[in-house]
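Take a look at this single chain, the form predicted on its own, given in C-alpha cells.
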C-alpha cells in the first residue's frame, strides 16, 4: 500500500531513535514531533495525536527496558505498541462460513468494487459467493456489478429494469444457492432518511450476518464521523476502508474509525479484485515503521511472555485458550513435528497423532470452534455436554463431531504436556528454552 508522507514521517522518527547511541529526552521529543507531523498531515485527529505522543514520551522516559533489549530497541517497541493501539489494536475477524453480507456507503466510496473484492476473498478460501445488485439508484450500477461478476466468475442476481431494491432482493433470495450472499445497496451523497429507510428494509429482508460500511481513506478523520452515524442508524458490524493505495490520509481514516469503536475488517489497496487485505493493525504498523529487524525485536519482546506460557504448561494450568494460542503460533513457524524436534530427547511418538498431522485448514476450523465457546467452556471443557456441543457447532459452522475431536485432541495434548510437570530439571529447561525460541508450542 502507498501511504506517502505518513510512512516516511513515521520511519523518520524511528530512524532518529535507532540511529543514536544514546536515546535521551531530546531524541524522544524530536521523534515524537516527527510522528505528530506525519499523523496530522494524514488528517488524524489533533487531540488523539497528542495523546499518542504523550503516551510514547511518558513510557519511554519512565519504563526500564526489558531484559535483553537496549534502550533504543525498547523505545522503538513502545512506538510500535502505541501506534497499534492508536489505529485499533484488534485484528479483523472474518469467519469463513455461510454468511449474508450487506454493504452500504455513500457515492464514490468504492462500494460496488468492494462487493467484488470481498466475493473474491471468500472464493479464494473455498466458499461459493454470489452477488446481488440492489443498487437501483445509480445508473449502470447493475452493469458494473455484472461485469465484476464475470471477471471473478461469480454469479450476479438482479434486474436492471426493477427500481424497487427490496423486490430485487426478495427475488434473488428465492434463486440464490451459494454459501455467501453479498448485497450491494444504493448510495447517496450523504446519509439521509431515504437511504436509511431503504437499507433498513433490505436489512429486514436479508437478515445479514454482517453489515459493512465502505468508506474511502481520503476522507481522513471524517471517516470516523461517518462510521459513527451509520452505526447509530444502521448497526454497522464492520468497516471497509478503500483507496489506501492513493492517499496519505489512510492513517487518519483508520484512527478515526478506531476512535468510534468501529471495527475495520478490510482495507482496499489497489484497483484489482485481489487488492483487498484483512485488516491487521500489527502488520500495518510494521509497514509504517519500516524498522529493519522489527520482527526479530518483537520476538525478543515476546520471550518473557513465552516463558510464562512454559511455566503455565509445566504447572498443569493449560486451557483451550492456551491451546488456541499455540495452534496460531505453530501455523506461523512450521509443523509441530519440527518444533518438538527442537527439544532434546523428545520423540514425536509422545504426541497425539492428530496433533502432529494437524493441517492449517483444520487449525482454522478449531479456532472458530474455540471462538464459539463461552469463557467457562474454554477454561474447563468438562462442562461441554451434548447440547453445548450442538450450540458450539452451529455457532462455528462446524459439525458436532469436529467439536468432539477438538476436545479429545486437547485432552491428549494436555496429558502429553503433563510429563513436564515435576520432571527433571533438564527436561523443564529444554521446554522453557524451546518456548522462548519459538514463542510457544
Ligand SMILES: Nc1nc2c(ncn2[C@@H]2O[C@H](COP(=O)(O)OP(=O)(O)OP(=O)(O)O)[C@@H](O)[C@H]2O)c(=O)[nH]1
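Residue numbers count along the first chain shown, from 1. Owing to the predicted nature of the structure, the values given are computational and were not obtained by experimental measurement.
Below, we refer to the form predicted together with the named molecule, which is not included among the displayed structures.
- Contact check for 110, 135 and 268: all three have a heavy atom within 4.5 Å of the named molecule in the predicted bound form.
- Interface residue among 260, 367, 231, 144, judged by heavy atoms within 4.5 Å of the named molecule in the predicted bound form: 144.
- Screening 224, 187, 149, 129 for any heavy atom within 4.5 Å of the named molecule in the predicted bound form leaves a single hit, 187.
- Partner contacts here mean any heavy atom within 4.5 Å of the named molecule in the predicted bound form, and among 154 to 162, 89 to 97, 174 to 182, 102 to 110 they occur only in 102 to 110.
- When contacts are judged by a 4.5 Å heavy atom cut-off, residue 277 does not count as touching the named molecule in the predicted bound form.
- Residue 211 falls outside the set of residues with a heavy atom inside 4.5 Å of the named molecule in the predicted bound form.
- Contact annotation for residue 243: at least one heavy atom lies within 4.5 Å of the named molecule in the predicted bound form.
- Taking the partner from elsewhere, residue 117 is found to have a heavy atom lying within 4.5 Å of the named molecule in the predicted bound form.
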